[in-house]
Each structure stands twice: as structure tokens, then as C-alpha cells.
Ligand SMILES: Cc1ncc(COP(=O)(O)O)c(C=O)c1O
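Just the one chain here, the form predicted on its own, laid out as C-alpha cells.
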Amino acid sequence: MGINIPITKPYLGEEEKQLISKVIDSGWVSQGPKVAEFEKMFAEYVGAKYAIATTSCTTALHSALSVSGMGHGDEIIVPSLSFIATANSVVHCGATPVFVEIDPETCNINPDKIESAITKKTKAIMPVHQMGLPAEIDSIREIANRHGLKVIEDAACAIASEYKGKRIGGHGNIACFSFHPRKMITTGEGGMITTDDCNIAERLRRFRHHGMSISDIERHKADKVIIESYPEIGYNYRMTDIQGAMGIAQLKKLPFILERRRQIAGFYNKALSEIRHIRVPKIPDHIYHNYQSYWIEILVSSPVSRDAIMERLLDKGIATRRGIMAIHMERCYSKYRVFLPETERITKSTVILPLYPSMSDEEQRYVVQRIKEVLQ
């Protein structure tokens, strides 16, 4: 049987099975006490006052934008270098994404490019902590405060990452996280919103539950009949208790997952930095990176193209992914077409390599050796 190294593997075990089994036995499998417990644990972990679970990071972003008052005629500043869900969430709430250039060193939105994109229609800035590497939050917040804008963080990849000693999600903005299987921890699918604003938190809880004035669990615990009301229109964005139980188990494993990912990234950094034609990630001193993904840039000096490298590695049993997409280059966003040279260069020259907690030392060495062979 040949070598098969996937791009990632979720770190799951008996703990998840046991907690999920207890939920099934309880009979309460929709949103309930386990989701509430997971929310409390998550808020405490990131350092936020409130956490609100959703079905995905996309629905988390849509909820955050909608509850923050974004709608038709509004503009939201976003990087184009991101998964398409970032811009989709803006369009879903009726607003217009305004794509801004990145800093090619970090692949995050460049604060120096934001101000020139602000108009009378601008209502928010949505920085993306790309591949888990935090964006320059302080600079972005300073610009936002000066222009009266909201900051809503797309923190899909950034669980456990830190900016200036504080975990992402704990900086006072609204932040949205993902629990997709490629992320640090997973609930299969799922998302989380963190905020310090009690009014926003309460509206988000209603928004994910059709706009209903009271949750099912509150109604279930009541000692009298409660007739719910619907003060606003919402969506069904509820996480199930099965997912909540899985999230609890995963969050307890996060310290190990984080440590192991950083160990593997450290090996990659040392081994790959010695190979010509490759640039490894550059991490600013004030950033603590979770390495949700590990990317390399294939330099113009390379004798082999990025796509050819990916094909040859796949032939050797190594899965890779292209660097993060440029949303403005996709056909469905053609009417928002802009020229972002750094974004376009990075999306065409970067490769994401396999990285997951159970990855063995032998597998790591195999990946590096095959890259060396391909580039030679």
C-alpha cells in the first residue's frame, strides 16, 4: 500500500464518543445544555464575556453583520485573499464587499490600504486572521474608531492564536470562529461568535433561533406556560447538543493540539527554510500563531511551477492545497473586480502543506524530502 498523507485529520477519540453517547441517551439532541456549556467554556478560553454558537462560521458572520445593522447600501471592507465565505456573508446580508490589498508578508489585510477604501457608505471592517495568523488588530481598530466603523473579525482559523498576548476573540470586537474539520477543533460543522456586548449577545441568541424571544431550554425549565414572541426576523442557525458535546471534548484537547501543531510547524520552518526557491511563513514578534494551516510561497526563481509541484507531490501520496483563494478573481464576484497585485501573486504562488496533530515524524520528513526532490 502506498504512502497517503492527507492535508489534515481531525483529532478525535473516545472522549467525543462518550459525551455524544450521553447526549443521545438524554433524549435532548437539539440545542440545549451542552451547547450552553460549550459556549461558557469557549468564552472563558478566549477571554470574552459572551459566546454564541451557530451552525458554521459563515452563519456566524452573517448573524454578526445583520445584528450589527449591516444591510442594503452599506459597504464592508474585507481582504480578497480569503475563503469565499468571507465575502458571501457580506452579500447575504445585502451589503457590498469592498476588497482591499494584503500585506504579502503575513497574507492579512494591509492596514495602510484600508483608509483609502472608506466611503460614506462604509459601515464596518472585517479583518481575516488568515490561516490562524492574527491581523493587525490595533491598527485596524484605530482606523475604525476614527471613522465610526465596526470591526467584525473573521477568526475562522484563529482559535488559540494570540495578538500582543491576548487570545483572538478577547479584544472587544465581535469575532467569528469555525469548527469545520480542517480547523483547530471541530464539531463536524459549526461556528461561534464572541462579544463583550450583552445587547449584541442577546440579539444574536434570538437571531439564530428564528428571532424567538425565549430559547427552548428556558421554556422547558419554566414552571408555567410561556408563549413565545418574535420581535424580529431571524434564521435557524442553531448548533445541536451533539455538536456541543463534541466541542466540549475538543476544547479540552486544544492545548495538546496547539502544542503539536506548533512543533510540526517548527520542523517545517527549519527544514524548508534551507531549500532554495521557497519562502516559509514570517511571524511578527507580537504574534502567537496556532498554525491552523502551514503555507509556503514558491518563488519566481523556482524551476517548477506551483501547480506542477502540487501535482508531483500528489503523485508521491502527499495532499496539498493551493494558497488561499482571491475572491475577486472568482466568476461570481466579477462585478466587484479590482486590481490587487499582491493578492493575485500570493494566491498563485502559495501551497498549503499537510499538518495535523497525529502526523508522525516520519511523515513530516517524507514531505520535506519529496519537496526537495521536486524542486531539484
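Here the structure is a predicted model, which is why all the values come from computation and not from measurement. Numbers for residues come from their place in the sequence shown, where the first is 1.
Unshown form predicted in complex with the named molecule; subsequent notes refer to it.
- Segments offered: 329 to 337, 312 to 320, 57 to 65, 29 to 37. Contacting the named molecule in the predicted bound form at heavy atom distances within 4.5 Å is 57 to 65.
- Using a 4.5 angstroms threshold between heavy atoms, Thr86 counts as touching the named molecule in the predicted bound form.
- Gly190 belongs to the set of residues with a heavy atom inside 4.5 Å of the named molecule in the predicted bound form.
- Using a 4.5 Å cutoff between non-hydrogen atoms, Val128 counts as a contact of the named molecule in the predicted bound form.
- In the predicted bound form, the named molecule lies farther than 4.5 Å from every heavy atom of Ser80.
- In terms of contact with the named molecule in the predicted bound form, the residue from Ile102, Met239, Cys157, Ala175 that brings a heavy atom within 4.5 Å is Cys157.
- Of the listed positions (Arg261, Arg203, His171, Lys183), a single one reaches within 4.5 angstroms of the named molecule by any non-hydrogen atom in the predicted bound form, namely Lys183.
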